[in-house]
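Below you'll find only one chain, the form predicted on its own, shown as structure tokens.
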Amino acid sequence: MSLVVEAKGLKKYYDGVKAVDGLDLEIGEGEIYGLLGPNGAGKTTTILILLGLTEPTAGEVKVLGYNPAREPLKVKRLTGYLPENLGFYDDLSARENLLYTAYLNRIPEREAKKRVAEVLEIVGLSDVAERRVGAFSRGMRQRLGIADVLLKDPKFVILDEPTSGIDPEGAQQILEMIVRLREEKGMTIMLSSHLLHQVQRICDRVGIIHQGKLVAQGSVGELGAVVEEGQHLFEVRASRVDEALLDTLRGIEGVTSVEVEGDLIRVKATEDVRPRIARAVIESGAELVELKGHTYTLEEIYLRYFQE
């Protein structure tokens, strides 16, 4: 897999304060990558470095094979950026705003009109193309922002909080649109967001950044395995839970702990002990209602890293 973003030992200091501190980052072609972290963790600074809008203090970085600090125009031609706070002219229509962006990007007028019509169709705003943007909802403005990004047909897109402040239905539409951009246009997308359940839904891999360092990186499954630290967690529901059953479960070889919460039994073990758990429940005279391995959510993984 060819790399769209390569960063090694990236550092950025502001008056001695480390905004980014030795960050290593790789994003593969066609990937949807989630960059996560609390406010002040270094996400925005990292984005600015990738876009060539600020120069790193140390380290190496390439975006689509170019150094953003030395070749910013080449990077900007191939990269689209949707900031968290969008700026449009409220007294102009959606179409007029996009035509102005096309003019700034030196897209010829005939091609610009065609491109504007295409991107409005992609984001589902063709029917309101002549409406003043000042009358747009937050979700409509975000979709217009994505249309604005798509005008120059970028290879790599950075989206900063694209669903922030949008109702669930609107957010779902934007998430589906992001996935379509990858599937239909082959775009590589970096998504910066604090809405972890949304990131988990569409991102191939995530990176967790804290105090300027990338403290974890991988798929949600890979990060969950690291959090487990060799432990397997199973969730059991039985028709009857009593001390005799719990003692039997604790006595199973490989089981390290058994916890009860209502009718839910959580069993930690050093190996897959599901057949032994099932046998213990049935031999106790109870019915086995449910038995499954616990899948960590991105929120659980995220909180675990910051507790540590």
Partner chain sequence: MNAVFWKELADHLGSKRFVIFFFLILIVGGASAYLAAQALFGQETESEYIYLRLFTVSGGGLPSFLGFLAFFGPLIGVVLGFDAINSEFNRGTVSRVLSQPIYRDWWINGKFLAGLTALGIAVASIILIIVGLGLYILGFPPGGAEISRAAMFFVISVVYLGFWLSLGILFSIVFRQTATSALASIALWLFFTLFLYMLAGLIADQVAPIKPGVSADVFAKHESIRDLVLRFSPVALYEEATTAILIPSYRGLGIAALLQEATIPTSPLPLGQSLLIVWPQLVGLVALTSVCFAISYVIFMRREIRST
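Positions refer to the first chain, counted from 1. Remember, it's a predicted structure, so these values are computed and weren't measured experimentally.
Only in words, not in the display: the form predicted together with the partner chain, which the text now covers.
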property: The unique member of I252, L48, A278, L246 whose heavy atoms fall within 4.5 Å of the partner chain in the predicted bound form; result: L48
property: Position in contact with the partner chain when the complex is considered in the predicted bound form, options K76, R205, K155, R182, heavy atoms within 4.5 Å; result: K76
property: Segment that reaches the partner chain in the predicted bound form - one of 166-174, 145-153, 212-220, 182-190, heavy atoms within 4.5 Å; result: 145-153
property: Interface membership of L104, the partner chain in the predicted bound form, 4.5 Å heavy atom rule; result: yes
property: The partner chain contact in the predicted bound form: E55, any heavy atom under 4.5 Å; result: yes
property: Partner contact for F234 in the predicted bound form: the partner chain, 4.5 angstroms, heavy atom; result: no
property: 4.5 Å heavy atom contact, N97 to the partner chain in the predicted bound form; result: yes
property: Full three-residue contact with the partner chain in the predicted bound form, heavy atom 4.5 Å, for G28, Y33 and Q198; result: no
property: Residues within 4.5 Å of the partner chain in the predicted bound form, restricted to 69-101 and counted by heavy atom; result: L73, K76, R77, T79, Y81, P83, N85, L86, G87, F88, Y89, L92, N97, Y100, T101
